[in-house]
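Only one chain is included here, represented as structure tokens and corresponding to the form predicted on its own.
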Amino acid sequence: MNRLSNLGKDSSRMMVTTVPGIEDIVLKEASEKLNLLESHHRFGGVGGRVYLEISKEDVQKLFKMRSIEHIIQIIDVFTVKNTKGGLDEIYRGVYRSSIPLGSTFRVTCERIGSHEYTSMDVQRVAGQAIVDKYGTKVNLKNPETIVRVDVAHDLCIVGIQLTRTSLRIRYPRAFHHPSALNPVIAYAMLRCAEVQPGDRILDAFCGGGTILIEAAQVWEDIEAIGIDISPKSIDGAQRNLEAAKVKSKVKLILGDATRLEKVLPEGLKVDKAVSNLPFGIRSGRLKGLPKIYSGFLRSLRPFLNETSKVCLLTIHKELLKSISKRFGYEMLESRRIVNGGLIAHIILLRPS
């Protein structure tokens, strides 16, 4: 990967971060929106990191991507040892790098792998190298430049972080659901379900409305329906819809996802059903999950077409797999992701 000398003057090397497990969706979105010259889906052998070489004129377009969280412009990449001597290599590598700095800077580091030094050690020696070379002042709270010096196994990646806040923050959230879904995961689920303009989308466990908002912001002419058994969640989702400026595109219904026939009109068909299912961890309702999952998939079945798809997020893969088979669903895909520190699965089903 250390090919900086071959980098064209009109192109930029970027490392973008995402939720581990959806790197291919990042590449798909990037190929649609950017002039993509080269790419690698697990940069440095690390999940959640994607390498993109793009034309310089496309750099600002990165900020409009829905599948990524942070953008780092790569300055240099070099190998380092995992012993204490690696710190000397990091100092020398950062010192020789040409880093475009503002009046103040801060070094941040993410370290992956086994090393005889910590992230704080990396920040210290990298910061010292920058001060020694440029004499630039450190500002930890509000720096003009954020320098990323990441160590991934035997690679040191030096770059400038272009994002101050995560791109998953789409709007000023008015209501914070205790199990709120990362919008990046919501986007990935909608992409897995192959949502198209004009689709009717159902989220029967809508919570704060993240999936519905993501769908309404991205796809034209969709009809989105959200259901939740909690009045507090329905009220909160309504406020989030207003904050995201998609209120007119989404209909919210107070109701039970295991009794959809009581809240949805007879004969209604949905093209895509996309939901973040209850995990049962925070609520302490693990014993009740089989009943919830079974009731939902049973009551959903009459509202699906032959071409409908169902995309669900759960940490209980085997439970969902067995229940979906019992109620006549075929599993098309199972994708392992990291969601808030938990190993979760995006499961794609269709009526069989």
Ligand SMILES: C[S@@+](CC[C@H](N)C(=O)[O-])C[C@H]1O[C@@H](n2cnc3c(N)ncnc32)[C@H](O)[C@@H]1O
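The numbering used is simple: start at 1 and walk along the sequence shown. Since the model is a prediction, treat every value here as computed from it, not as a measurement.
Form predicted together with the named molecule: not shown, discussed below.
Peer 1: Please tell me whether the candidate spot formed by Ile72, Gly127 and Thr163 is one where all three residues come within 4.5 Å of the named molecule in the model of the complex (heavy atoms).
Peer 2: Contact check failed for every one of Ile72, Gly127 and Thr163.
Peer 1: Does Leu101 make contact with the named molecule in the model of the complex, using a 4.5 Å heavy atom cut-off?
Peer 2: Heavy-atom contact with the named molecule at 4.5 Å: absent for Leu101.
Peer 1: Quick check on Ser97: any heavy atom within 4.5 Å of the named molecule in the model of the complex?
Peer 2: Although the named molecule is absent here, Ser97 would stay clear of it in the model of the complex, with no heavy atoms inside 4.5 Å.
Peer 1: Would Leu202 count as a contact of the named molecule in the model of the complex, using a 4.5 angstroms cut-off between non-hydrogen atoms?
Peer 2: It does not: once the named molecule is placed as it appears in the model of the complex, Leu202 has no heavy atom within 4.5 Å of it.
Peer 1: Hey, in the model of the complex, does Cys206 get a heavy atom within 4.5 angstroms of the named molecule?
Peer 2: Answer yes; at least one heavy atom of Cys206 falls within 4.5 Å of the named molecule in the model of the complex.
Peer 1: Just to confirm, with a 4.5 Å cut-off on non-hydrogen atoms, which of Leu37, Leu319, Leu27, Ile292 contacts the named molecule in the model of the complex?
Peer 2: The residue from Leu37, Leu319, Leu27, Ile292 that makes the contact is Ile292.
Peer 1: Exactly one residue in Thr136, Gln238, Thr258, Thr108 has a non-hydrogen atom within 4.5 Å of the named molecule in the model of the complex; which is it?
Peer 2: Looking at the other structure, the residue within range turns out to be Thr258.
Peer 1: Please identify, from 192 to 200, 146 to 154, 74 to 82, 206 to 214, the stretch that has a heavy atom within 4.5 Å of the named molecule in the model of the complex.
Peer 2: Residues of 206 to 214 come within 4.5 Å of the partner.
Peer 1: Residue by residue through 228 to 252, tell me which have a non-hydrogen atom within 4.5 angstroms of the named molecule in the model of the complex.
Peer 2: Counting only heavy atoms within 4.5 Å of the named molecule in the model of the complex, the contacting residues of 228 to 252 are Asp228, Ile229, Ser230, Ser233.
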